[in-house]
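Given next, in structure tokens, is a single chain: the form predicted on its own.
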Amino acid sequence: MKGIKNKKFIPNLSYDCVIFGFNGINLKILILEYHNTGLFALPGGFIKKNQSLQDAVNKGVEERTGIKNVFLDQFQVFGKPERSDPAAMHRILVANDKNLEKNEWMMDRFITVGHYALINYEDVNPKPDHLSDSIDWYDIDSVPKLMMDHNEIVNKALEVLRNNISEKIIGMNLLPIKFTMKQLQQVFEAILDQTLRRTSFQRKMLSLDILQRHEKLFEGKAHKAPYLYSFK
């Protein structure tokens, strides 16, 4: 029997998000685990016919993180024929007792628009979607095998972030509003996966004229208290 056509969403189009967070030491991303399947995936979703792509992505990220006005960047469209995995989607629907005929459209081939988000780890209250058991943070170097081409999407997002870090730094939500130069350097080191010289890094950041200096952060000895900064 022919499945019921989807009337709510744009056919064969989806979005997937690599949501980066920073816990002060490691760069992390949010990963979903689908109910009773052992399948892991990036947070994503579909676009309603009366909705813009950007609105759909913003809403999806807000629902998964509890945060509005997140920095989001669209970085690539993924459309290889072999990226589709109808069998995996069938498993997900069965595990969640979903009507297969009514949801047959979800097993079609989809072209997906990749986005990455930058979020302050401490501000996030992760919430799984209605098909998932859980959503958790994973270190960027400990990402499990994901369904379809989601590992490829993660790798591409990290590559784009690394190549554009100096341009994107102002929009980053990985840090609190006020931060020390050391905290900023730790973010760069986590993203780039390399150690940077403190003096060279500080000189480079100050030369960009993107930072506003504030009061000192007094935690220990007064003469060692670092200045706090924010982005202009």
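Treat the numbers as computed from the prediction; the structure is a model and nothing was measured. Residue numbers here begin at 1 and follow the sequence given.
Missing here is the form predicted in complex with a further copy of the same chain; even so, the following discussion is about that form.
- Annotation: in the model of the complex, residues N58, P144 and S166 none come within 4.5 Å of a further copy of the same chain through any heavy atom.
- Looking at A87, you'd find every heavy atom of it more than 4.5 angstroms from a further copy of the same chain in the model of the complex.
- Looking at K232, you'd find every heavy atom of it more than 4.5 angstroms from a further copy of the same chain in the model of the complex.
- Contact check for M107: every heavy atom lies farther than 4.5 Å from a further copy of the same chain in the model of the complex.
- Although the partner is absent from this view, L53 contacts a further copy of the same chain in the model of the complex, with a non-hydrogen atom inside 4.5 angstroms.
- Remark: of stretches 78-86, 132-140, 91-99, 146-154, the one touching a further copy of the same chain in the model of the complex is 78-86 (heavy atom within 4.5 Å).
- Only one of R197, K68, K49, K182 comes within 4.5 Å of a further copy of the same chain in the model of the complex through a heavy atom, and that residue is K49.
- Counting a residue when any of its non-hydrogen atoms is within 4.5 Å of a further copy of the same chain in the model of the complex, the hits in 103-119 run R109, I111, V113.
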